[in-house]
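Only one chain is included here, represented as structure tokens and corresponding to the form predicted alone.
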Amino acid sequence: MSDAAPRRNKEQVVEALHDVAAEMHNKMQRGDPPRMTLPVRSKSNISFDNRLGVFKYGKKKTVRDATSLGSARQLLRTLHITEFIEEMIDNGKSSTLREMYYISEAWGHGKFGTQNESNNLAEDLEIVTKCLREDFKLRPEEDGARIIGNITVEERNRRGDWMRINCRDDVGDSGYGVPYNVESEKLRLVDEDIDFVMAIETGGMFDRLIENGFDEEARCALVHLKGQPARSTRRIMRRISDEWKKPIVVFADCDPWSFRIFASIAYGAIKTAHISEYLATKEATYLGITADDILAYDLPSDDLTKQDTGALEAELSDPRFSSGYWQEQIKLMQEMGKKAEQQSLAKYGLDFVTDTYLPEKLDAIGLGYR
């Protein structure tokens, strides 16, 4: 596990939260305005660490103090949140980020104007305390991934009992639903009989591969990303990569937004730069659909929109796409002016993706199974 986000026990989390309040208290004792020190959260203070292969915050710091009404209100909100989190830890409860936003209605001058404000302050606390949102018992609204494959996990239920679940034999066609917290105190990776993990962008393609029995034929686990993957989705793939040493391959649409889905899995995202080392799986491989697949398989395609074109141009200077491979793929898309969906493979029939396309693509990266 990365040194960037070591797991903390309950006492350590509470102590880290108390340290935030202590910085404010110590200033006031000396007759100075209370303050909170945190990294500058802007692109100018985020860089791509080539050695680690992830986004990282730089050394620039900012001070949030009570010398203005806006900053004073943020400090008040911070203290309300730390108290709220400590209460949840003490009572064995958890809250969604949305619930925390509404709970702030009772905080008087500390009430949030928008949920985005409360979400950002929760992230500030992650950065300052070096704890995780999961340590705070805060969970997102979105679901995690669905998984189908011959892997066995143990999940601790709400009664505190461990349930053993095989993600192929003990689940329906919708698969195993990944919880918001996938750390070892909640989820154990017990056993596996797979050769790799395939992360899939769309639900339609995930269901197609399940119906065709691809997970059994190819000896793999299928993960439905549900578009831009949730933190728990990226984290469980990282754990499978680290603990079971299984390759992670990503099968997505061929458009600039899908490329960014892969980048968030492999290299992290700017928004989660403070925990990229903990979430990113830099060994992940982009399988397809690639720009040259559109030509090689004569796939139905759509014209790039103005937004697509702008996104591709931005990706040419994005350090996550600096390799020769990605530069070639992006420039080829620009030349063609085309993009394609995973489902475009159905041009050749419902079984083409599992009978021909995926076997050929997997064989090309050394994961052939026939």
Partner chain sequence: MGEAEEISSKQKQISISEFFEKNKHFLGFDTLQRAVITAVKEAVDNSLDACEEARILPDIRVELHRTKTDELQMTTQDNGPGIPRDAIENVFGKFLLGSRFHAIRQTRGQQGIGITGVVMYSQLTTGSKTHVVSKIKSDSSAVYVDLGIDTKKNKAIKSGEKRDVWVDDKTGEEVSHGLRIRTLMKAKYQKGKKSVYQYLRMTSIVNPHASITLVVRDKEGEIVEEGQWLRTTDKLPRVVEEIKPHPHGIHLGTLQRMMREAQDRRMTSFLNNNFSGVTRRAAKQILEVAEIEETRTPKRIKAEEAQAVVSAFQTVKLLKPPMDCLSPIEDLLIKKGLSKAIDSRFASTVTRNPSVSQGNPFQIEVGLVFGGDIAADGPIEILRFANRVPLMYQQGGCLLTKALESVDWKRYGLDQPGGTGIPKGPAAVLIHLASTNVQFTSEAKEAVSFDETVFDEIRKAMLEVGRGLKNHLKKSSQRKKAKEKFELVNIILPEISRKSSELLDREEPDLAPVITQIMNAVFLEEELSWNKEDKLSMCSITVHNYTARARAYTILAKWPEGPDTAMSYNPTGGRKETNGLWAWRLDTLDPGTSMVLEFGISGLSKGEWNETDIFFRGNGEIIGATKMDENLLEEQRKTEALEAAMEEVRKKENDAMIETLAIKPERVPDASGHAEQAEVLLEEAPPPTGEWRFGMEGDDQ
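None of the values given here were measured: they were computed from a predicted structure. If you superpose the two forms and keep the largest set of C-alpha atoms that fall within 1.5 Å, you have the rigid core. Numbering follows the first chain given and starts at 1.
Another form, the form predicted in complex with its partner chain, is not on view; read the next lines as being about it.
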query: Interface stretch in the predicted bound form with its partner chain - options 247 to 255, 183 to 191, 74 to 82, 196 to 204, non-hydrogen atom within 4.5 Å; finding: 74 to 82
query: The unique member of L332, I46, L304, A66 whose heavy atoms fall within 4.5 Å of its partner chain in the predicted bound form; finding: A66
query: Q29, heavy atom within 4.5 angstroms of its partner chain in the predicted bound form; finding: yes
query: Exercise: G53 in contact with its partner chain in the predicted bound form, heavy atom 4.5 Å; finding: no
query: Proximity of L350 to its partner chain in the predicted bound form, heavy atoms at 4.5 Å; finding: no
query: E86 within 4.5 Å of its partner chain in the predicted bound form, heavy atoms; finding: yes
query: In the predicted bound form, residues of 298 to 331 near its partner chain [heavy atom within 4.5 Å]; finding: none
query: Large Cα move at E86 between this form and the one not shown, threshold 2 Å, rigid core; finding: yes
query: A72 C-alpha shift between this form and the one not shown of 2 Å or more, rigid core reference; finding: yes
query: Core-aligned C-alpha movement of E15 between this form and the one not shown reaching 2 Å; finding: yes
